[in-house]
Structures are given as C-alpha cells and as structure tokens.
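Consider the single chain below, provided in structure tokens and representing the form predicted alone.
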C-alpha cells in the first residue's frame, strides 16, 4: 500500500525549482488549447516573446504591467507569511488610488515639492486602513479574514462608484464617472521618454529588496516567521502575536495601496472604476509563484506581466484569444500548489503485512 508522509526536510533545489517547473508545465499545457484553436504553439509562443522583448517599447510595457503586480505580490507574500490571509488587496489598491486623487487633484493647497510625497504616504495609509479593520475583527472577535477582506473589496468598489459620481467626480468630465486629474507636480516621473514605465517601478523594486532583507535578517522578520509557523508557540515564547499581525497588516495594506498610487499618479493620471483589471487578485498568484519570497515576487511579477503583454501581441498577430494568458496564470498556480504538496510530502510504499503490524 502507499502512504503519504511528511518529508523531514525539503531540498533547497526543489524549493527553487518548483516555481520554474510549474511555469514551464503551464506553458506546455496551454499548448493544447492553442492546437485546438488551429494555431502552431511554437509560432504562438514566438509571437509572445516578440511581443515582450521585440522592442524597447514592448519591454517598457511589460515593466509597466509588472509594477502594480510587484506591490500587490509583496502585500500578499508578507501577510501570508504570518498566516494572515489578505484577499483584499484589490480593495486596498482602490483605497490608495482614491487617497491619491483626493490629495493630488488640487483639493488641498500644497506646495508642489511636498505634493508627491504626501500622495504616496496617504495612499499607503489608506490601503493600510483597509487591512487593519479585518485584522482587528480577526484578533478581537475571531472573524475569518478571508471572508472579511474579500467582502470588503465589494464594499470599497461600491464606495468608489459613489465617490466618482460625487465628491471626486471631475467637474470638467461631462458627467463621466471619473476623478479630476492629478496635478503634474503630483505625478511620478517617467523612466524613459515617450514610454509609460514610471518611477513607481523603482519604488517597488526598492521595497522588495527591503522586504527581503527585513524578512531574512531582522528581528521583525524572525517574529513574523515564528507567528506564521506556530502562533501558539510564538505566544508562549513571549512574541506579541497580535502586535505582529497588526504590523504586517499595516505593511500589507500599505503596499497594496501603493499599487493604486502607482497606477493613478504614475500611469493614468485620474481614477475610474476600471483602474485595475484584477491586480489585487493576481498579486496572490504572484506571491504563491514566488513561494512567499519578496525577491521571488519580482521574478514572478515579471513572468506574469510577460504572459499578459505577450498574449495581447499574440492575439493581434495570430487571431488567438488573449484569454490564453489567464489560462497560463491559472495553471501556473495549480502547478505550484501541486508542487508545494510534493515538496512537503512524499509517497512511501509499505507492505501490507508490515503496515498491519
């Protein structure tokens, strides 16, 4: 008979190789619907590569798409490390975006030198507030944060629509539900002329490096990992579990809020209800592909951004649906989950007689 038992330890090569292998398997499996659609998978993937790396503009578009995914991936990775299941990064992103346009559109008389830093700080604070509330409900009343953060997304989106048709609506927008534009001095500067990639990418990369260092080298990171491994044992050892949860909640929500700031103040310049195509939810996939590693989040975000941008190019060139990107991302997540199970457990063949004894 076959028995499943936990591995005494997981080889580092397996831990690092599972995300890469998962992505390759997902691409291989995606070739099946490509064949069914009458497309040559090799040619299709060639078009995807050209759509991502075929020009400077293509690379810049991939980096632009990866920027909010790095923020939301970090938000999910840090929270999940503490077993605080933040499914609300989408709503926290919109809270950060609302704070950005509320301050950056000229509602307050702020000198231009201080406008952009204030937008960033208040955007992060608004996102953090969106995660602190579910964490308080979890700590105080035992509410499941998966449910509260998920449902809060819908509440925030309804609130957003109300604000876009009320206080935040652009008076020059002819009644269209969009915010007033952010002032020029409140915008994140572009990194390349005539390209959409902006300084939000630099901020995201710096925060990823800081998060990796803090998680691996700081006392805070040790406490966070201890709480995630065994909260009861951490509490017995004198670690303030609730304080650690609130700390990581503030960081997680703040990072998601910065994703909204980067999209408003770095890319579009104004806020609409369709600002995010699901960056908050995709950030969860990024975090899982990265193995909850902040450094891995950057790589995973670049991969997923490449899939989405490349799929759009492939769709235009070959007439294949761009929804193939969603399929690849979904299958990558499934493969990572299966790979994670294989990394933690192994199958052991046991003779029936020996098992009976």
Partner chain sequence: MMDLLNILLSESFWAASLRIATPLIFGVLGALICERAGVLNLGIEGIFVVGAMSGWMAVWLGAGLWGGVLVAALAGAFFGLLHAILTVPLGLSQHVSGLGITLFATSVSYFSYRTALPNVSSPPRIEPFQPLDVPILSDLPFLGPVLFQQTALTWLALLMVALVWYVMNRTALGVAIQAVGDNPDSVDAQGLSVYGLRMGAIVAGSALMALGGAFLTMSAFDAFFFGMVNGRGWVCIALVIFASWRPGKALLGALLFGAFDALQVRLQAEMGALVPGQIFLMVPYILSIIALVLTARSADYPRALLTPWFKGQR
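Residue numbers count along the first chain shown, from 1. Here the structure is a predicted model, which means the values were calculated and not measured.
Below, we turn to the form predicted together with the partner chain, even though it does not appear here.
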item	value
Touches the partner chain in the predicted complex: residue 203 (any heavy atom, 4.5 Å)	no
Exercise: residue 41 in contact with the partner chain in the predicted complex, heavy atom 4.5 Å	no
Interface membership of residue 142, the partner chain in the predicted complex, 4.5 Å heavy atom rule	yes
The partner chain contact at residue 211 in the predicted complex, heavy atom, 4.5 Å	no
Single option in 27, 295, 302, 37 placed near the partner chain in the predicted complex, where near means a heavy atom within 4.5 Å	37
Selected contact from 118, 250, 110, 146, since only one has a non-hydrogen atom within 4.5 angstroms of the partner chain in the predicted complex	146
Heavy atom contact within 4.5 Å of the partner chain in the predicted complex, the stretch among 123-131, 83-91, 253-261, 97-105	83-91
Residues from 304-342 in contact with the partner chain (non-hydrogen atom within 4.5 Å) in the predicted complex	321, 323, 324, 326, 327, 329, 330, 331, 333, 334, 337, 338, 341
Distance trend in the predicted complex - C-alpha atoms of residue 336 and residue 145, change of 3 Å or more	farther
Outcome for the Cα pair residue 51, residue 336 in the predicted complex, compared with this form (closer or farther; change of 3 Å or more)	closer
